[in-house]
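So this first bit is one chain, no partners, the form predicted alone, shown in structure tokens.
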């Protein structure tokens, strides 16, 4: 996009800060390829569980990496299709079973290297926007724009409660807050791929602004940066 050179936009932040929805909307507006890094780890988790069940070992996971091929397609409607070995797994990877095991998979350093290499490969062919927790610090330290999205625990619990409500589930808001705090602590203390704000990242607190306002801010930042590249 800049003088025939592909660009990378990195968006990091804690769970529930709005990274994915914002990144998808920016991608739609700017013609970028959106990469859902979390879905890639979920796809690997699904593959491992189908192969070994819940009794897998790190050695099993590393062995399976040699037989996994991942693809992602960003659709015109803003959705992202994740494909593992030619099979669309976009729906299956959203199960509670996957959610309960993904942490053990994504903490394996070989898995992180595998996913990071795949994303860097895509970045050679496309201008991309990626969200995660170590995109600007580890995966793409030279990204043209780095954003760290944040929101208060109260606001993130409110958003999560709304998500559950739309699915017909009633949840305790205080319990959600406890879970969010625990998740933040775990993510910041992970040995590999820890949640961390890059020193040169732009900090945006989304607690009291709309998604559209966040998208517009990032859109403007990218356009301004591109003009000087």
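All of these numbers come straight from a predicted model, not from anything done at the bench. Residue numbers count along the first chain shown, from 1.
Not on display, but discussed next: the form predicted together with 2'-deoxycytidine-5'-monophosphate.
Proximity to 2'-deoxycytidine-5'-monophosphate in the model of the complex, taken as a non-hydrogen atom within 4.5 angstroms, holds for one residue of 196, 28, 51, 190, which is 190.
Of the residues given (106, 90, 72, 137), 106 alone sits with a heavy atom within 4.5 Å of 2'-deoxycytidine-5'-monophosphate in the model of the complex. The candidate stretches are 54-62, 196-204, 165-173, 39-47, and the one lying within 4.5 Å of 2'-deoxycytidine-5'-monophosphate in the model of the complex by heavy atoms is 39-47. Residue 133 belongs to the set of residues with a heavy atom inside 4.5 Å of 2'-deoxycytidine-5'-monophosphate in the model of the complex.
Proximity of residue 94 to 2'-deoxycytidine-5'-monophosphate in the model of the complex: non-hydrogen atoms within 4.5 Å are present. For residue 181, no non-hydrogen atom is located within 4.5 Å of 2'-deoxycytidine-5'-monophosphate in the model of the complex, even though that partner is not displayed.
Under a 4.5 angstroms non-hydrogen atom cutoff, 2'-deoxycytidine-5'-monophosphate in the model of the complex has residue 102 among its neighbouring residues.
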